[in-house]
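Have a look below at one chain only, the form predicted on its own, in structure tokens format.
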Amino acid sequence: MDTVMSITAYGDGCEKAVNMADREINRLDRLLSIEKSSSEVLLLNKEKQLELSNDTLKLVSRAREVSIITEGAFDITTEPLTRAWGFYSELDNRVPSEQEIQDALRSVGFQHINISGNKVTLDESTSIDLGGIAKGYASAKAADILKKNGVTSALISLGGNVRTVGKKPDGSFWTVGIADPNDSSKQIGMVSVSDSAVVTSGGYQRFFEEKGHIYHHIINQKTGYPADSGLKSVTVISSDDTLADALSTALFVMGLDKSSELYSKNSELFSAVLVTEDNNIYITENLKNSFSSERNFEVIFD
């Protein structure tokens, strides 16, 4: 998953359960990571047609659903663009030419993916990357394993993805800090949650600088350039880990106004904390009783 993983668990048989959850996350990493030789995604990108296992097929199908509701702001076919910008470990970061970007854009979009049963077919120049959704799926699977094996309280951390199981051992809510995008060693606030995923995406997490300009890794699939939406970070809270993971990226690309519109239509599915380029903090109305901050913030109503 290209990040540090930690699992803290309480309850009967928690050591065995944690070991099982750890093995499951690593299995999914080998299956889904575009940079692992064992990856089904890597093989699909190479062969362009493949009968997928249930896990990979579920993620591709779910990614299409999120792409539809976000009008393409989340899209797993941006792999050629991500590669052009050098945001893979074996590549050097660089600013691609306008021609490279336009060439890559021709293969971007879910219209270039066909799903028939468990067979997925990609257009000749199309490649996919599940990195924007796989950690959410993995944390959900790990949480299910913990619950089925007697764990009543747990905290799973996969980099910017946090998943809580139940409440804390004393019965209180888990408190998850939200990083300050200007200084990730600090926090802009905290959310109190139970049995929820808390996922943060931001341009500050992975970027490079060239000729005085900063380029981050979250690509707008409509322009081919790093998203310039007026946001510095987005945190999504949901009981649906996979949705939270994908939406944190999508809302960052969409910007404040379009994110607010999406929330107003789907307020039962997620909550969000958005930090703008001018350092204003916005929270969705359904977080009013669970978000706390020493800073001023505004509420987005549904």
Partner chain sequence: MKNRGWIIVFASALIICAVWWLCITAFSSPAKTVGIYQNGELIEKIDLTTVTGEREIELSGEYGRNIVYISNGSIKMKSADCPDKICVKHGELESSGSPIVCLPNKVIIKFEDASEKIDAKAGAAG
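Residue numbers count along the first chain shown, from 1. If you're wondering where the values come from, they're calculated on a predicted model, not measured in any experiment.
Form predicted in complex with its partner chain: not shown, discussed below.
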- Can we say 134, 187 and 207 each have a non-hydrogen atom within 4.5 Å of its partner chain in the model of the complex? yes
- Query: residue 110 near its partner chain in the model of the complex, any heavy atom under 4.5 Å?
  - Reply: no
- Query: Is residue 227 a contact residue for its partner chain in the model of the complex, using a 4.5 Å heavy atom cut-off?
  - Reply: no
- For residue 92, is any heavy atom within 4.5 Å of its partner chain in the model of the complex, or not? no
- Task: Determine whether any heavy atom of residue 296 comes within 4.5 Å of a heavy atom of its partner chain in the model of the complex, and answer yes or no.
- Result: no
- Task: Work out which of the listed stretches, 164 to 172, 102 to 110, 120 to 128, 68 to 76, brings a heavy atom within 4.5 angstroms of its partner chain in the model of the complex.
- Result: 164 to 172
- Note: exactly one of 45, 276, 33, 260 sits with a heavy atom within 4.5 Å of its partner chain in the model of the complex, namely 33
- Would you give me the residues of 76 to 99 that have any heavy atom within 4.5 Å of its partner chain in the model of the complex, in order from first to last? 82, 87, 88, 90, 93
- Answer with closer or farther for the CA-CA spacing of residue 216 and residue 90 in the model of the complex compared to the shown form; it moves by 3 Å or more. closer
- Message: Closer or farther: the C-alpha atoms of residue 63 and residue 91 in the model of the complex, versus the form shown, with a change of 3 angstroms or more?
- Response: farther
